[in-house]
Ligand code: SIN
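One chain comes next, on its own, written as structure tokens: the form predicted alone.
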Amino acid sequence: MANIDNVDSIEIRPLAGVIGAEIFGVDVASGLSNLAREQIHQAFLDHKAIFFRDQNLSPRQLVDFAGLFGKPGIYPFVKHVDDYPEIIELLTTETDTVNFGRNWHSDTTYMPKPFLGTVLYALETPSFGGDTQFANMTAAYEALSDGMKAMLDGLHAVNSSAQKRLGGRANKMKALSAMKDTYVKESEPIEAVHPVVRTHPETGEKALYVNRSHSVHFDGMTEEESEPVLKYLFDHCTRPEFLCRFRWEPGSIAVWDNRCTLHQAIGDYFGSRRRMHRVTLEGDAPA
């Protein structure tokens, strides 16, 4: 891979007030200098979700690019793309009436060591719709009252892969015509207990670490006892001032930090195709 030394053309444009930035002047397939890599990684930490347009990547190049942010991992529930175990394909066809990732979540919070980040590359996009929204969980935490922060700082939450609150993972996958045959059924749900307030291992910032898809209840409390506070937090985290929204085009790339963000794939394009390749990055145990 070539090494580009001139990075003067790299431009970072914030997408919204507290999260998201588009990066211009980068041709990922042509290689990146060490300075460019440092700038991009710092933008990832600063903006929590970064975006590139007009890229043309082979599967190998996508995996290599993802390696800039961490070690590519293996997602547990969808079969990988041939010859590339790190890549899964997310496909919505013209006949589907649901889409993958349509509820607010952070990837794999049900794992003991959830994925630290995700890289998503657009191959086919609808002529309208299909945007992805991102929420800044650090800003959401900072906006809480001191009393709420004090209560949450000592709590842990049980996170499950079952997606019980949303009707179940298996039912969701069966409804995706193009992906139902790639679904690897779980014998038992995966569960993990994590702090409700997580400290980012690189920035030291605190962020809320709960989400509607996977956070079931507070550890040591019942679901009934936990739900009112969890519902408040779920709604609080997705207030407009904590969000950005990205419009996909073929060749677009999004990279987001699962340690301090939520995301949602908006399902407003039914009757059209949307095809993506996704790489997730190995993480550590939240603390």
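Small disclaimer: the values here were computed from a predicted structure and weren't measured. So that there is no doubt, residue numbering starts at 1 and follows the sequence shown.
Unshown form predicted together with the ligand; subsequent notes refer to it.
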request  = Run the contact test on I23, H41 and F65 with a 4.5 Å heavy atom cut-off to the ligand in the model of the complex and return yes or no.
outcome  = no
inquiry  = Between F218, W248, F52, F69, only one gets a heavy atom within 4.5 angstroms of the ligand in the model of the complex; which residue is that?
reply    = W248
Location of the ligand contact in the model of the complex, chosen stretch of 188-196, 141-149, 155-163, 100-108 [non-hydrogen atom, 4.5 Å] = 100-108
query = For T132, is any heavy atom within 4.5 Å of the ligand in the model of the complex, or not?
reply = yes
inquiry  = When the contact criterion is heavy atoms within 4.5 Å, does L90 count as touching the ligand in the model of the complex?
reply    = yes
task = Considering only heavy atoms, tell me if A122 and the ligand come within 4.5 Å of each other in the model of the complex.
result = no
task = Between 239-270 and the ligand in the model of the complex, list the residues on our side with a heavy atom within 4.5 Å.
result = W248, W256, H263, A265
